[in-house]
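A lone chain, given as structure tokens: the form predicted alone.
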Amino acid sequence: MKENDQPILSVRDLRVSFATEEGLVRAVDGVSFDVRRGQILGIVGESGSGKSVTNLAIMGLIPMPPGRIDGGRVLFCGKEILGVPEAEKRKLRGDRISMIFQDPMTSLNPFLRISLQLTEVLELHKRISRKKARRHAIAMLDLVGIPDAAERIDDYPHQFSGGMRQRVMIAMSLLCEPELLIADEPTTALDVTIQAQILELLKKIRDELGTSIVFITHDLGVVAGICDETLVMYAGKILEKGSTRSLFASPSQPYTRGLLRSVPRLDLGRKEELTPIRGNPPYLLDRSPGCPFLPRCDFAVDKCGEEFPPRRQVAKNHDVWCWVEMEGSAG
């Protein structure tokens, strides 16, 4: 494989668990995927499916205890980063790998001006003067669409709207021009207009800076608009992955179909009813050897409860983990 063809991030058989009073929770159970350079990879699934925990493990931010890495490998630019010393992880975080956390309301320190929170990132990782760091921070605020950035950089977080605070968080994550950006539901708390602006901004960042992006969300509409490839996670496992176009056109896992059918569609009549997925997300302490979606699946066969299905390719760059061969589309 040529160096340019090498994935910027490779995750192999990642397993993460948490010790609780009731027992061991396997939050991530054998997850594998690649992120190519300049790619936007979407990770979707219901709350509790393991999306955020997967990426916190990549960042080295799993609290241990109660969490622990039970196995697997994480390669960044071909180098193992899962078990490196904490000092080396800190050099990577914020510099070559960065993360936009889920809630902009709580991610910024309310007692510090935006200028200090931005410039300290550059002073720490790039070892530049505060004056140069301030100039670079203003330029990045301009890039993410903060009006009058030179004046507003000295404001406190409460002086910004929710959408503007999320833009500040994006600016902070991009200050060191990371090669990989992990965005953990960055549009969840925003109205649809601001959400569209943030999505356009992320695509602009990918196009202009060449940044690879892992986009975590439960919103399939967002995935369709921004992601090149998509992973569908459930109960800590990947149940389907492939190009976003192929996955939306021919979903091959009952869970993926359920997710798509529970989303309103403009091309269907107003009288068309949504079809929610029946039942509740699984109790992760109670692990069966079969498919975790079995109790909620309308297409299950006997084998589904006996063994987790192997990977099956349904199209080029489109794999599914399911014993049942589905036909047609979700619509």
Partner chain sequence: MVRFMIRRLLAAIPVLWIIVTATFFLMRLAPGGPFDKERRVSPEVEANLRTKYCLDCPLWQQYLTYLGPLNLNPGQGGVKAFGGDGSRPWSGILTGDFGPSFKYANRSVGSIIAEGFPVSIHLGGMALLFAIIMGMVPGLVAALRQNTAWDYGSMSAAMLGVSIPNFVLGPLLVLVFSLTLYWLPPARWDGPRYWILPTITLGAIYAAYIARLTRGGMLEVVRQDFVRTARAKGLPESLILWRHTLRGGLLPVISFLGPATARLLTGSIVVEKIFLVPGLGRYFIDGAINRDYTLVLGVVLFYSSMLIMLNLVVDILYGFLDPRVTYD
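Residue numbers count along the first chain shown, from 1. Bear in mind that the values here come from a model prediction, so they are computed numbers and not experimental data.
Form predicted in complex with its partner chain: not shown, discussed below.
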Find out whether any non-hydrogen atom of Gly94 is located within 4.5 angstroms of its partner chain in the model of the complex, and reply yes or no.
-> yes
Is there a non-hydrogen atom of Thr193 within 4.5 angstroms of a non-hydrogen atom of its partner chain in the model of the complex?
-> no
Would you check, heavy atoms only and a 4.5 Å threshold, whether Thr106 touches its partner chain in the model of the complex?
-> yes
Taking heavy atoms and a 4.5 Å cut-off, does Ala300 contact its partner chain in the model of the complex?
-> no
Interface residue in the model of the complex among His158, Arg127, Lys131, Lys79, criterion: non-hydrogen atom within 4.5 angstroms of its partner chain = His158
Select from the listed residues Leu61, Ile69, Leu294, Ile277 the one whose heavy atoms reach within 4.5 Å of its partner chain in the model of the complex.
-> Leu61
For the spot marked by Leu209, Phe215 and Ile226, is every residue within 4.5 Å of its partner chain in the model of the complex through some heavy atom?
-> no
Which single stretch, out of 249-257, 232-240, 145-153, 113-121, brings residue heavy atoms within 4.5 Å of its partner chain in the model of the complex?
-> 113-121
